[in-house]
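Read on for two forms of one protein chain; each stands alone as structure tokens, with the labels structure 1 and structure 2.
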Structure 1
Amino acid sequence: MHEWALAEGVVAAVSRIAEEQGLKRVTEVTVRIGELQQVDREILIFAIDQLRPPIMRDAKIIVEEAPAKLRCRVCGHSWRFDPKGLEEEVSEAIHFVPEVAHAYLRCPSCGSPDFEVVEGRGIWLASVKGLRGDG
């Protein structure tokens, strides 16, 4: 499960940030996941739950989904990535390494593979909230 690798990164990042900011307890973690990578939200939350260190014990995990927006560098056309209709193998490949989208997707307007992912690529830690010291 790829989500486990991502969850491990989230937990490690939260732990580091909590330490840097002197948080005694993390109360809320917001993770943004981009549509392009098609991360399974349930598995991600389950994995984070399993990997939670004591400092995150009661933290609320918020997972926000960001639409994947692509823009063609040749003709300027913008469009939204839609995993529906992709063959399973293709969508799985993009799930593992989103950049391989450049092997499969083409600009719907001019056919170019030279597009950029403007938004919604992968996974991002958006915020970590917590209590300091004896607070």
Structure 2
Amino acid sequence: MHEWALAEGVVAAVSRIAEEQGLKRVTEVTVRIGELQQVDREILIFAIDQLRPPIMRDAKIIVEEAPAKLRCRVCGHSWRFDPKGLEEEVSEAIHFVPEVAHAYLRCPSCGSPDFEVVEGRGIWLASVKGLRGDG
């Protein structure tokens, strides 16, 4: 499961940031996951919980979803991905392999299937909060 590899990356990055910032304790970590990124949030949180080092022992883990944004390569129109109105199989296919979206979606402005995903993929640390000193 790639959630464990992602969790390892999150824990390593938080540990590095805590060291660079002189934090003695991390109190909160916010992770953002793109809407089109195929990640099981519950497994990711569980994996982070299992891998967390002592500096993160009591940290609140927040996982937020970053909405997907698309931009037409023909007319430049940008819009948010909205799975409403799509058949369940189509919506799942797009979430599993976002590249298939071109077979099912069209630019709402000009009707072109030639668009790019400009937001809504990937996973990143949005914030790390902690305490310096004995706090």
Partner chain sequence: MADPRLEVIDRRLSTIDHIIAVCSGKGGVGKSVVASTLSLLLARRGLEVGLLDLDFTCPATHLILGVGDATPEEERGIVPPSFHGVEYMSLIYYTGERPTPLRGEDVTNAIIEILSVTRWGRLSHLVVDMPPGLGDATLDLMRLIPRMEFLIVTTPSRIAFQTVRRLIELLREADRVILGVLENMVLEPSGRIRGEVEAMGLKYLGSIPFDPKLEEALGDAEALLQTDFAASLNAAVSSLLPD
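Structure 1's sequence is the ruler for residue numbers, which start at 1. Take the two forms, superpose them, and find the largest set of C-alpha atoms that agree within 1.5 Å; that set is the rigid core. Keep in mind the model is a prediction, meaning the values are calculated, not measured.
- As for origin, structure 1 is the form predicted in complex with the partner chain and structure 2 is not.
- Considering the motion between structures 1 and 2, the entry in 52, 96, 65, 87 that lies on the hinge linking the two rigid parts is 65.
- Rigid-body rotation of the smaller part against the larger part between structures 1 and 2 amounts to 34 degrees, from C-alpha fits.
- On a core-based overlay, residue 83 has a Cα shift of 8.0 Å between structures 1 and 2.
- Per-residue C-alpha deviation between structures 1 and 2, core superposed: residue 108, 8.9 Å.
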